[in-house]
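One chain comes next, on its own, written out as structure tokens in the form predicted on its own.
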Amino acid sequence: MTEIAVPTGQVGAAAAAVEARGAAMTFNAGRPNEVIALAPIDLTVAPGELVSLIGPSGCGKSTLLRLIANLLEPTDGSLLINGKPASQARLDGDYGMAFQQAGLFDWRTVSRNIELPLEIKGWDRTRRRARALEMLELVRLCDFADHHPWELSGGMQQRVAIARALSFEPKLLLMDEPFGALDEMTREHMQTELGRIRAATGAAVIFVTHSIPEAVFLSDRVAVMSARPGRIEAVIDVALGERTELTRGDPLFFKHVTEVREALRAGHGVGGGMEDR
């Protein structure tokens, strides 16, 4: 099937938050167990933009996220993060990451979990503490600075993880199904919270999800991927304006949900692990 490139959007004078050109990934190339995980991908994400990646299980969404994070090297093509090679962007701390599990350390308090990347960067104790408290205010957890993660709910733990990922002010946040393990009401609350946090920080976000409504609610654009080898089959522009609890009842919201669902079906994604919630 013909590759459909994601349009570049209005990047302006600033470098794109992410620019992938022909980025592809093959595991065990040339061996009997070779797996072509990603066909060549073209993807441009503008500064401050939120783009969701959605597709059937095993289509390479998380692999693409790891290529952007320089946790894997593409076997073909190139990746620039804020105008830099992905390897340099990783060294410069240009992005933060949040995963499905919060990944907090139970023996550290909430504030000291947030301080961890700042410790690694060599910030002094006073500066670290001040930044952690600032981030806790951002995620509305000021009263829990000296609690431990096991004393918090799942949604609260994810807010701490997001605060930690944003503590050093990265221009890009990479999120791999961060709300997938939460109950439906908490998940919807976290989606609204992410929109608020994103507006406050101005960070670009790439968000991996299996949920069509989640992708539509959060995104400026939804990139629909095919079954393996993963490729971008379609890009849905989402024109919903400011997202509130009323957004989920907007007829335009349901129109975009239908557009994404139909694009998934066209890319052979029917039922392939997708959530229609």
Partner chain sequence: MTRQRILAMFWPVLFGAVFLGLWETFVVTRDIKPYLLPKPSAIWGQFHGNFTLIRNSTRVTATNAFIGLFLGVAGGALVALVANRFRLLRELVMPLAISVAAVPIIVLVAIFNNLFSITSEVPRRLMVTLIVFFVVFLNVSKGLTQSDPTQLELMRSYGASQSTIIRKVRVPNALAYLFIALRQVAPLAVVTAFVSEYFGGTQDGLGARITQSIASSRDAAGWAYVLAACILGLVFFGVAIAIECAAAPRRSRQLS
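Worth saying up front: this structure is predicted, and the values here are computed from it rather than measured. Positions refer to the first chain, counted from 1.
Separately, the form predicted in complex with the partner chain exists; it is not shown, and the next lines address it.
J.: Please determine, with the chain shown alone, which of 195-203, 90-98, 137-145, 74-82 has non-hydrogen atoms within 4.5 Å of the partner chain in the model of the complex.
T.: Heavy atoms within 4.5 Å of the partner chain in the model of the complex occur in 90-98.
J.: Given that the partner chain is not shown alongside this chain, does residue 124 nevertheless sit within 4.5 Å of it in the model of the complex, heavy atom to heavy atom?
T.: No, no contact at 4.5 Å.
J.: Against the partner chain in the model of the complex, would residue 156 count as a contact residue? Criterion: heavy atoms within 4.5 Å.
T.: Answer no; every heavy atom of residue 156 is more than 4.5 Å from the partner chain in the model of the complex.
J.: Is it the case that residue 106, even though its partner is missing from this view, gets within 4.5 Å of the partner chain in the model of the complex, heavy atoms only?
T.: Yes, residue 106 lies within 4.5 Å of the partner chain in the model of the complex.
J.: Taking any heavy atom pair closer than or equal to 4.5 Å as contact, tell me whether residue 66 reaches the partner chain in the model of the complex.
T.: Looking in the model of the complex, residue contacts with the partner chain include residue 66, since a heavy atom lies within 4.5 Å.
J.: Looking at 247, 44, 70, 211, which has any heavy atom no more than 4.5 Å from the partner chain in the model of the complex?
T.: Looking at the other structure, the residue within range turns out to be 70.
J.: Select from 107-135 the residues with a non-hydrogen atom within 4.5 Å of the partner chain in the model of the complex and write them out in sequence order.
T.: Stretch hits, in order: 107, 108, 116, 117, 119, 120, 121.
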